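Next up: a single chain in structure tokens, the form predicted alone.
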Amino acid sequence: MSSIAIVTVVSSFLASAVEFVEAVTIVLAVGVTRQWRSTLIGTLAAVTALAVLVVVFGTAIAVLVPIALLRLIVGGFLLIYGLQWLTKSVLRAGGAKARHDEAEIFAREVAALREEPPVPATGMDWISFTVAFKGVLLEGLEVAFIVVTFGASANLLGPAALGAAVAAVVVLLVAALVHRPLARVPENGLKFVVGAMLTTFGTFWAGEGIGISWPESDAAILVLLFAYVALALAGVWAVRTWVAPQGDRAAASAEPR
């Protein structure tokens, strides 16, 4: 397997793992609170729909869109998407934004589900099915986007799909073993890494799309990655030094005396 294929698998695995952790939290909340059978059927239906989307759109894009235009468009989307993840991660690491808490999300989902009508004595529980299907589909659409963009741009749809599939299996196995939300997974740290990687590939492919000939070809990816990580770490330091303390002071001044 080539180095770019390995990087594609790893990138797809990490990005997909983040989204699957969030999807599994929803599935656990529904299954524990209502009915596992309908929940699992809804989950399977969503996964099947996502697999079809990846195969159809990934193949169509790779076949129909010229590679230069494809890399420009996909690179632009990845750059925007990656910068969003990286910005949120920097703000969370710097203390200016609350960290993502799967245990809190689980509790909130359970509380909402307990207000729904009781589970039917027989047959399908459509509330369980719908909530699980919607949650997995919405979180999985981001996975599908990452797999399609990585796979189509690098002509490596198979390795990208493999990384996502392995992430799904690992997250599901861990969730099945612990029977609780995966709150200890360093999701914020993973988003920092994935955000840097998506931004790096977005820059690289968008550059190729507009005709930039990168020095040392694929090795330029490592240079770009190092630069983005360094800038992000500098951003974390700046947020901790200036932004977060100002927020603390504003909150303190707003408290009743």
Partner chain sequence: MRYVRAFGAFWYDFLVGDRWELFLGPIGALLLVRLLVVARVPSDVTGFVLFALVAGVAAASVGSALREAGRPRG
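On a predicted model such as this, the values are computed, not experimentally measured, just so you know. Residue numbers count along the first chain shown, from 1.
There is also a form predicted in complex with the partner chain; it is not shown, and the following applies to it.
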| property | result |
| --- | --- |
| Contact test in the model of the complex: L231 vs the partner chain, heavy atoms, 4.5 Å | yes |
| Contact of V171 with the partner chain in the model of the complex (heavy atom, 4.5 Å) | no |
| L224, heavy atom within 4.5 angstroms of the partner chain in the model of the complex | yes |
| Contact flag, E142 vs the partner chain in the model of the complex, heavy atom cut 4.5 Å | yes |
| Contact residue in the model of the complex, from I212, A45, V55, I67 (heavy atom within 4.5 Å of the partner chain) | I212 |
| Answer option from I105, I127, A96, A167, heavy atom within 4.5 Å of the partner chain in the model of the complex | A96 |
| Which of 159-167, 119-127, 106-114, 142-150 lines the interface with the partner chain in the model of the complex (heavy atom within 4.5 Å) | 142-150 |
| 4.5 Å heavy atom contact with the partner chain in the model of the complex for all of T8, V27 and G31 | no |
